[in-house]
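The chain that follows stands alone, in the form predicted alone, written as structure tokens.
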């Protein structure tokens, strides 16, 4: 594995608070995260998680090199993409499922950049963003995980991802943490 991509929407803070602070310091993989935040609002995500995580956490900047062991949040009103050279690209292309940033956009670009060395995770949310992107990660040979819809604050996004991405593995949040830590050790 070379990277982790995580997408979440409604209920994202609760779910990510179970996952991101559990990652150990020195974690070997970069974590790229998209959370749907309404445009025009300043995101507090990086600041919130920086105070709770053992890894550096920041809001992504355009053309920034992707560093291992760092959590990157997409800024509000920008799609976050991964470029082949291992840098972040920000875009103002049209919203996807009324969302910018879009989970699909991140996952599809990361699947192109990392191929089978990517882990994609779809968490709680109330629309279908992330399903098509998770399918792209799986088709590129990456590992694909979905939060158990029964444990999600909003189950529409996990349900959509499971319906579209047949090889996705459904796990509890603790199960997802175990897989992320294992992937970090194997990197």
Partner chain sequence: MDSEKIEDIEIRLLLEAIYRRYHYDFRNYAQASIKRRLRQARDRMGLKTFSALQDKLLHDPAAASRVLRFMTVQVSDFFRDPSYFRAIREKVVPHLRTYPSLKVWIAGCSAGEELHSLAILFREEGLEDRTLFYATDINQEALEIAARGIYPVERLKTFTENHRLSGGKSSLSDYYTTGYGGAVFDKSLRERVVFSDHSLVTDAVFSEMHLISCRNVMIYFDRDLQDRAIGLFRDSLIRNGFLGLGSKETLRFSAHSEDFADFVREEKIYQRRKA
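Keep in mind that this is a model prediction, so the values were computed, not measured. Positions refer to the first chain, counted from 1.
Omitted from view is the form predicted together with the partner chain, to which the following refers.
Residue contact check for residue 26: none of its heavy atoms lie within 4.5 Å of the partner chain in the predicted bound form.
Taking non-hydrogen atoms only, residue 63 approaches the partner chain to within 4.5 angstroms in the predicted bound form. When contacts are judged by a 4.5 Å heavy atom cut-off, residue 81 counts as touching the partner chain in the predicted bound form. Although the partner is absent here, residue 128 sits far enough away that none of its heavy atoms falls within 4.5 Å of the partner chain in the predicted bound form. Shown here without its partner, the chain carries 118, 159 and 174, none of which come within 4.5 Å of the partner chain in the predicted bound form through any heavy atom. Contact with the partner chain, judged by heavy atoms within 4.5 Å in the predicted bound form, is confined among 64-72, 151-159, 49-57, 120-128 to 64-72. Interface residues of 77-92, taken as those with a heavy atom within 4.5 Å of the partner chain in the predicted bound form (partner not displayed): 77, 78, 81, 82, 83, 89, 90, 91, 92, in sequence order.
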